[in-house]
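Take a look at this single chain in C-alpha cells; it is the form predicted alone.
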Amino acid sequence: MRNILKLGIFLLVVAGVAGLALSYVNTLTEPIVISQEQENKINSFKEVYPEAETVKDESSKYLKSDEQKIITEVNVAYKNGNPVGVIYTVEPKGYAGAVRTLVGFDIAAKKITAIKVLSQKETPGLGAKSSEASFMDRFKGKSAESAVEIIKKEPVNGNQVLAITAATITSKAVASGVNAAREHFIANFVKS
C-alpha cells in the first residue's frame, strides 16, 4: 500500500512539472505562431489577389450576425487607396468537415481571380485533391455574374467546373463556398 502511495505521489509531481514546462514553452512560442499564421494569411491573400497593395479586414462592416455562416471573413483589396478586389474566407461543409477556402474577386472585371483551399479534412487521394492547383485553377476567371456549377463531364458553359473524380461532395462544397461569396460580392460590391 505504501509503495502505491509513493508511486502515485511521484506520478503526480512528474505530471505537474511536465504541465508547467509545457505551459512555459507554449507561452514562449505563442507570439511566433501568431506571427507565422499572419504571414501565411498575407501570402495566401497575395495568391488569391496578387495585384493588391494592401488588404484590410472589413468583416465587421460587411458581415451581419444573422447572415449565413459559410462566409467567415471579408477582406477588401486596395490599390492606390481604391478598392479593387474582395477576398472572402468561406467554410462550407464537405464530406468530412469544413473546407476552409479563400475566394478572390476583381471588382472591375466582376470575375473570380483565384481560390485557395486553406484547410480540409477530406479523404486522402480523393477530396483532399481540392487543395491541389489542378482543381483550384478551374475556378480562375469565372464570371461573378452567374453561379459556379459542378459537373461530372467536360464543361460546356462558362461557369461550369469539372468535379474531382470520386469526390463530388467535396467539389460541390467548394463550389457552394464560392457561390456564397459570389452572392455577397454581387450584393455588396457590384454596382448596377
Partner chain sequence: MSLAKEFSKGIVSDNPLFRLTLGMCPSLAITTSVANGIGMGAAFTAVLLASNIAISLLRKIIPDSIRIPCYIVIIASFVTITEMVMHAYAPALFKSLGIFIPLIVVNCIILGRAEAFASKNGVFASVLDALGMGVGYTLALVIVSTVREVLGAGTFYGIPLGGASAQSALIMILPPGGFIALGCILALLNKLQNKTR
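Just so it is clear, the model here is predicted, and its values are computed rather than measured. Numbering follows the first chain given and starts at 1. Between two forms, the rigid core is defined as the largest C-alpha subset superposing within 1.5 Å.
The form predicted together with its partner chain exists for this protein as well; it is not shown, and the discussion that follows is about that form.
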Is residue 26 a contact residue for its partner chain in the model of the complex, using a 4.5 Å heavy atom cut-off?
yes
Heavy atom of residue 96 within 4.5 Å of its partner chain in the model of the complex
no
Although the partner isn't part of this model, could you tell me whether residue 42 comes within 4.5 Å of its partner chain in the model of the complex, counting any heavy atom of the residue?
no
Residue 133: heavy atom within 4.5 Å of its partner chain in the model of the complex?
no
I need the one stretch from 140-148, 42-50, 28-36, 55-63 whose residues put non-hydrogen atoms within 4.5 angstroms of its partner chain in the model of the complex.
28-36
For 1-27: residues with a non-hydrogen atom within 4.5 angstroms of its partner chain in the model of the complex?
7, 10, 11, 14, 15, 18, 22, 25, 26
Is there a C-alpha shift of 2 Å or more at residue 156 between this form and the one not shown once the rigid core is superposed?
no
Residue shift check between this form and the one not shown, rigid core fit, residue 42 Cα at least 2 Å:
no
